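Okay, so here's just one chain, in structure tokens, the form predicted on its own.
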Amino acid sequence: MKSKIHFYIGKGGVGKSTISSLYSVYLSDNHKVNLASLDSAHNLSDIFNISFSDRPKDISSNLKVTEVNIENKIKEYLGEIENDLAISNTNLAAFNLLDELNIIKQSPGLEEYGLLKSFSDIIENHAEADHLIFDMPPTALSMKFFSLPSRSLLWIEKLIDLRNRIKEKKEIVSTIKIGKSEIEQDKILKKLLELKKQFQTFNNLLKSEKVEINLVVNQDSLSINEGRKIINELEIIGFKVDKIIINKFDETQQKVSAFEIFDQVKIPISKEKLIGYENLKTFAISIF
């Protein structure tokens, strides 16, 4: 994968959408860029003054913008689960697994799975882009997104171990031999192994050098304290913040000394309203 991935995270209302838009416009002068909003409270349509959807829209020859419908991604994910249940259990009705699917629909964690699926689809469908920029949801959901692959791997490892022990106790014949090859016949175990590989790939990618995490803050105490919390929570799950973006920076306001060890980008207050591609481009050129 050649694309550089940029995440813009932070407390709600600090200007993540504006900053990610500005940087996208700036980069698109010389690079192919895809900007995607993963926040259900989309702001990109208001910023560019253009209506966006799940389908990427060309803003310039090098810039595409997408506002992902997370609910649709959750429906796709549930459809995949239903299909897997049907394949793994041909007597679906007899075991009443459709009722279990209804329980799954109410389970916690679906929103972050929807985010991960959205992220996966974008990096797969826009592999030609030089830069993939993600305007992320507020703190709590973003933290769940980053921790999801590693948390899922822990559960999958336990489930694989449990499945193997069930096989041993019930003497399940899991493979048949054809010549020198073996074909896995335990469909549940096969799916678990596929999921393990998938989440390991996500985990490795998110922690690779291709990913840059940018924390957007303002100069008020609430935003600064939230920023500290985000940095600490990311460190606990094995991530680091690469840059601090101080939005609406004002020399007369309190200094953001809490983040002095980080690379900082200070975005001044714009004299013009940052709405529309041309206004964004003019301001972006002046600050980056």
Ligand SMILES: Nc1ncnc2c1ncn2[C@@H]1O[C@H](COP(=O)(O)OP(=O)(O)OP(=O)(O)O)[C@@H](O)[C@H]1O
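Values in this document were obtained by computation on a predicted structure and should not be read as measured data. When you see a residue number, it is the position in the sequence shown, counting from 1.
Missing here is the form predicted together with the ligand; even so, the following discussion is about that form.
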| task | Examine N247 and determine whether its closest non-hydrogen atom to the ligand in the predicted complex is within 4.5 angstroms. | result | yes
Taking heavy atoms only, is V14 within 4.5 angstroms of the ligand in the predicted complex? yes
Are any of the heavy atoms in L274 no more than 4.5 Å from a heavy atom of the ligand in the predicted complex? yes
*asked:* Even though the partner isn't displayed, in the predicted complex is E67 close enough to the ligand, meaning a heavy atom within 4.5 Å?
replied: no
Only hit among Q219, S53, S40, N43 for heavy atom within 4.5 Å of the ligand in the predicted complex is N43
Within 268-288, the residues having any heavy atom within 4.5 Å of the ligand in the predicted complex are P268, I269, S270, L274, F283
